[in-house]
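Heads up, the chain below is alone and in the form predicted alone; it's given as structure tokens.
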């Protein structure tokens, strides 16, 4: 009998986080066993509210949500209102009825990763504060993960916060460096990969779906464009991380060893390839057509690029 893979998502919703979560909810290949929230795109309270509201709107309030870090290991989160708006999501969702579980994110992640050894995937879509804290406090837990997929970093490509730094790693570079230097076998989806799957304003506004989760996805995606007339392209950052989780052959990969800069006012959040053999699986060439077919198949969205 087919048993879906267990999936726990660490997230800071965020429009692209929300689209990724909806992809997972629509997929028969994974069972979401919970969400953990972290500050990043928005403050922690808003990220938690958005996670609960999104699950409620999708009819899945049964999925637990655990609150995580409200600040990074050093400094404070910069947030991203210029991209996501002050509320994080591009449309207003009803106030959630459900509340977060009593246990915090680190304990929740530990419980899930050690529940069925080697069978749970961890997908990290925001700053890595919760994940690094888990490694510090309960190092055995991450060793039990079936896979660890991370969206973050800018390897040999321009950043989106500074000329060389990507937002998630810039938000907590200390946490990112802890995870990437841990020798854990992680899969990294960086900006160079994400920029290979984008949709134009005209394409996005012409999309259509009759699937309930597809309709919610388009409400978020099209709402993002409608809020700012200057927005001409949407890059599927977190949805690509979800796609590689669901369909690992969607991109070619290479093994690398990476450093994350933690020197303030110098290399803060910058990701560099050391040139040494490594355990990090870094995406290279993305099959964009395969990505969009996956998105179309899960959410029954018509009009996506071929």
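If you're wondering where the values come from, they're calculated on a predicted model, not measured in any experiment. Positions refer to the first chain, counted from 1.
What comes next is about the form predicted together with a small molecule, which does not appear here.
Student: Would the small molecule in the model of the complex be within 4.5 angstroms of a non-hydrogen atom of every residue among 164, 177 and 258?
Tutor: The answer is no: none of the three residues contacts the partner (heavy atom, 4.5 Å cut-off).
Student: Based on heavy atom distances of at most 4.5 Å to the small molecule in the model of the complex, which listed stretch, 203-211, 231-239, 133-141, 108-116, is the contact stretch?
Tutor: Selected stretch: 231-239.
Student: Pick from 188, 122, 193, 125: which residue has any heavy atom within 4.5 angstroms of the small molecule in the model of the complex?
Tutor: Looking at the other structure, the residue within range turns out to be 125.
Student: Is there a heavy atom of residue 41 no more than 4.5 Å from a heavy atom of the small molecule in the model of the complex?
Tutor: The answer is yes: residue 41 has a heavy atom within 4.5 Å of the small molecule.
Student: Residue-level question: is residue 90 within 4.5 Å of the small molecule in the model of the complex, judged on heavy atoms?
Tutor: Taking the distances in the model of the complex, the answer for residue 90 is no, it never comes within 4.5 Å of the small molecule.
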